[in-house]
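Single chain ahead, by itself, as structure tokens, in the form predicted alone.
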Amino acid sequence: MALSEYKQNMEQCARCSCCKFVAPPYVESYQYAIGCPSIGYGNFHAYSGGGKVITSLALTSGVIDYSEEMLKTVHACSMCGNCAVSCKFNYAEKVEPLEIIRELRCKIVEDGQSDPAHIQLINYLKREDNIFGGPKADRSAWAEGLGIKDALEEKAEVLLHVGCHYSYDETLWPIIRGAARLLQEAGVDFGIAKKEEICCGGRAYEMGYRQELASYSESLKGRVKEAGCKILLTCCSDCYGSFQQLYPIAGQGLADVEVLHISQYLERLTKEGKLSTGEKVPLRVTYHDPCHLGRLGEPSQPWHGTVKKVLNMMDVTDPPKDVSFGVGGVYDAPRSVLQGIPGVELVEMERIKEYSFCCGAGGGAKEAYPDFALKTALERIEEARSTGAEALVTSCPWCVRNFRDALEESGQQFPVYDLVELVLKGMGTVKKEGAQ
């Protein structure tokens, strides 16, 4: 849908400001009541989900035009989706702030107002099929020496989609190599697409580049079909969210293959007795729910229909629209895996699951406004410390990288682990390539 087609939806916004906060029943303290990183950064209504809805309405109505400050309110946003979850808690399907913000960004691109940092990422993507600009030929360099087969040449039950971050960020290679070693330890028949793997296209779409999602989703769907795999597995939360939520928008839903995140698969392998974490890891940890694995990882299908008025006052969708409250994301699997490691004690932060506070790295925000990403990450780290935890655990390369970058830049020390790293510790297999 074009942005203008959301006009009736935009007019439903009650200006209640619920989009800025965690839903009232889930607020535990004033300190951690804010759910929207953008409003915490900009401290002005235009930065909130509702503010962007108003901006969208004003822009499509010809009331305002583009300005530097207006564009900043749109791009200093990690597209985390908290606004949509909190809004729907209060108003069900009346307003779709996240959908509107996505369409607003698409219009910005179409009108030639893209952020320069985003343009650079898209140029990398067009040239090398990844937003880091790494050479296509180096896509599977991380797997050197592991003996992983090419799933496009040899049939495999599981196709491991690595993602751009793990493929090109060498500091994160120990995580993806560790995940591969865990799969090998469990006797999983898996492979990768090696040099044929490409970006999922999700981050490009979040920055407003609709066509990139369409072309990359179509290409990846073709590779999945070519591989003939039963399971599409990824260690990247961004990729998982793209497969579950964004691909259906592009008309490329992956209905013929089971889509799993590594946390779900590790839980399955453990329950089947194929993996065993018997080594004691005496560590108190808190878990950070990645947005794209949680609320943005909830499977969904785009709605097509009409809105009718009943009794000349009540809007009703026809056919009825399924409302996504963000509760269908992957929340239990990573916690189950953590609690299965002897010695690990899990303590929770105040903002968790569908109300998890974003790390700040999503939607092109880190590239366009690094101060936004830094502030957001440090707030989340502070919340993690407040639990008494000795370490922060997550299951997303973007979160791991942004948290570690924020700690380094601020001169702080606080261990940040990926879930895979703790599983390796629990198996007693952390050697040269294990956790930090």
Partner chain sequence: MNIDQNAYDALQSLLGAENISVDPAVLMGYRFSGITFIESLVDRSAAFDPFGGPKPIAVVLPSCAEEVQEIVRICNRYRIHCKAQSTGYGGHAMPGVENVVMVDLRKMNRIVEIDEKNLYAVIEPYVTAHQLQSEVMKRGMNCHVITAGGNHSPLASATSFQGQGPTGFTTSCNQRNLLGAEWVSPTGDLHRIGSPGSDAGWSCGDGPGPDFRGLLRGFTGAAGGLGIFTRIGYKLYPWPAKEKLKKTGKLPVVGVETPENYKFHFAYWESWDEMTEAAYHIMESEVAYSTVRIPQDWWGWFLTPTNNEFYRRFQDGTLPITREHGMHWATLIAGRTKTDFEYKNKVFQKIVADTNGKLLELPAEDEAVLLLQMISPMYTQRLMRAKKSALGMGGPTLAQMESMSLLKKLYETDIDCMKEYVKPGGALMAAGPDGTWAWPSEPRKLWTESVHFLDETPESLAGATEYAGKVLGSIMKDRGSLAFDQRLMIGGVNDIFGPQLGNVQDWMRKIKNAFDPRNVSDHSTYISPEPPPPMPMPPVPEFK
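Numbering follows the first chain given and starts at 1. The structure displayed is predicted, hence computed values, not measured ones.
Although it is not shown, the form predicted in complex with its partner chain is what the next lines describe.
*Asks:* Using heavy atoms only and a 4.5 Å cut-off, determine which of Arg181, Lys94, Lys194, Lys280 is in contact with its partner chain in the predicted bound form.
*Replies:* Looking at the other structure, the residue within range turns out to be Lys94.
*Asks:* Among Asp332, Glu99, Asp315, Asp138, which has at least one heavy atom within 4.5 Å of its partner chain in the predicted bound form?
*Replies:* Partner contact (heavy atom, 4.5 Å) among the options: Asp315.
*Asks:* Is there any non-hydrogen atom of Glu354 lying within 4.5 Å of its partner chain in the predicted bound form?
*Replies:* Output for Glu354 is yes: heavy atoms within 4.5 Å of its partner chain.
*Asks:* Is there any non-hydrogen atom of Pro320 lying within 4.5 Å of its partner chain in the predicted bound form?
*Replies:* Yes, contact at 4.5 Å.
*Asks:* Decide whether Arg385 counts as a contact residue for its partner chain in the predicted bound form under a heavy atom distance cut-off of 4.5 Å.
*Replies:* No, Arg385 is distant from the partner.
*Asks:* Consider Lys88 of the chain shown here, and say whether it contacts its partner chain in the predicted bound form, taking contact as heavy atoms within 4.5 Å.
*Replies:* Lys88 belongs to the contact set for its partner chain.
*Asks:* Want to guess which of 391-399, 66-74, 363-371, 405-413 is within 4.5 Å of its partner chain in the predicted bound form, heavy atoms only?
*Replies:* Stretch with heavy atoms near the partner: 66-74.
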